[in-house]
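Take a look at this single chain, the form predicted alone, given in structure tokens.
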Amino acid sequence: MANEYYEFFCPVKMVAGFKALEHIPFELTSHGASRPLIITDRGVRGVGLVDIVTNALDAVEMQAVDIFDDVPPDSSMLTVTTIANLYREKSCDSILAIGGGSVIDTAKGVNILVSEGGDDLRAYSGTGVVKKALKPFFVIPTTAGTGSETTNVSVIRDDESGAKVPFVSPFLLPDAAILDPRMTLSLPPKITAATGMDALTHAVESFIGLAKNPISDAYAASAIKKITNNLADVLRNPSDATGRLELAQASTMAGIAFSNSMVGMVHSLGHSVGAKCHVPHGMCMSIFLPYVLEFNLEECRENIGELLLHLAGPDVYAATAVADRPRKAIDTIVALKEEMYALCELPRKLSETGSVTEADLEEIAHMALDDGSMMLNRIDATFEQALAVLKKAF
């Protein structure tokens, strides 16, 4: 599919490598900042990852003004307001977010309030409401999956209604993302697998979706190759720093890809299962990916067939007949899922999560149809079609 028109945008500076964290002081001073507030969660701080960052600051006699380490797994507006008040009370001038998707989304919300003013984050919800540059903001991911360091979106839970409120603006993007393998070396096997499959799904959906374009395809293809070449090896050897760095870079590449070409039905179903049954997002992505590819097969056989080159390499691609490549690509993802299960018991089906029942599936199907990601899926699914995919995945 060739689009008559597309846009591609990624202004985030990448600082990546085995000593990337030591460059944080330079990034701060280059933005006129010297009083950062660190935003993280207790798990990240508990395994010593925040210490690595503060040591990098101490080495040049720079210190974090304070550390907020109580970000919940599900970002909330109350948490955002609490942190924004701390930022103001301590006269901070910048933000360092150290963590996964929830921490990064929270930090984006904090940056809105401390830059725009006020205490009501809801006033800035929606698309394009934030219209000017915010305070200096730097992200240090501790998972290799969400790609949040390169997205212009934050989703924060409203404590009163429980609704997930989106905030979309290019000004939410961080000034730099710091990718250092030391940040993911302690990641447990199942989370490593789930976040890796999350990144793979971002790349695959970007590559086959309605808004795909040549530049996003290049990022997606590179991400797919890095994930399939390194994910299983890292699970077998968790201290493989080179493999960890490859996965971190793949996550960022996939984030750049889907930020520009969007995602589809895998995310619609995954968002809905997560909201209804609280199954972790990456786990949902891993479960649904091959089933949605199967659903979309007749609408994008060529694109799915081309995935085989990046999933399995040139030898397998060349040895597979053109007509057989789409099926082989799907089978390769299924085989990767089986490998993840063998290595760390990452669930292959909804029934294996222990959180989803067959009675939940109809409500999940209705929720998925209302999810924005469905708009860019190659097939505009009906309720019956969404339910059929859910039943296959159960």
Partner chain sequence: MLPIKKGFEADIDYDYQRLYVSGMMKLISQMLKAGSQVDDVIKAEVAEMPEGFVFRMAVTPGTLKLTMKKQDGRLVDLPADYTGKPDLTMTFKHVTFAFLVFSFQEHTAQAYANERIILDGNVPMSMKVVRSLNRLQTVILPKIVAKKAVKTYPDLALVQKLQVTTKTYGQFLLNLVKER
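As the structure is a computational prediction, the values presented were derived from the model and not from experiment. Numbering follows the first chain given and starts at 1.
There is another form of this protein, the form predicted together with the partner chain, and it is not shown here; the text below is about that form.
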query: In the predicted complex, the residue from Ala232, Ala211, Leu297, Val279 that sits within 4.5 Å of the partner chain by heavy atoms; finding: Ala211
query: Listed range touching the partner chain, judged in the predicted complex by heavy atoms within 4.5 Å, from 310 to 318, 190 to 198, 142 to 150, 257 to 265; finding: 257 to 265
query: 4.5 Å heavy atom contact, Gly372 to the partner chain in the predicted complex; finding: yes
query: Non-hydrogen atom contact Val15 with the partner chain in the predicted complex at 4.5 angstroms; finding: no
query: Close approach of Thr127 to the partner chain in the predicted complex, 4.5 Å, heavy atom; finding: yes
query: The partner chain contact at Cys10 in the predicted complex, heavy atom, 4.5 Å; finding: no
query: Residues within stretch 371 to 393 having a non-hydrogen atom within 4.5 Å of the partner chain in the predicted complex; finding: Asp371, Gly372, Met374, Met375, Leu376, Asn377, Arg378, Ile379, Asp380
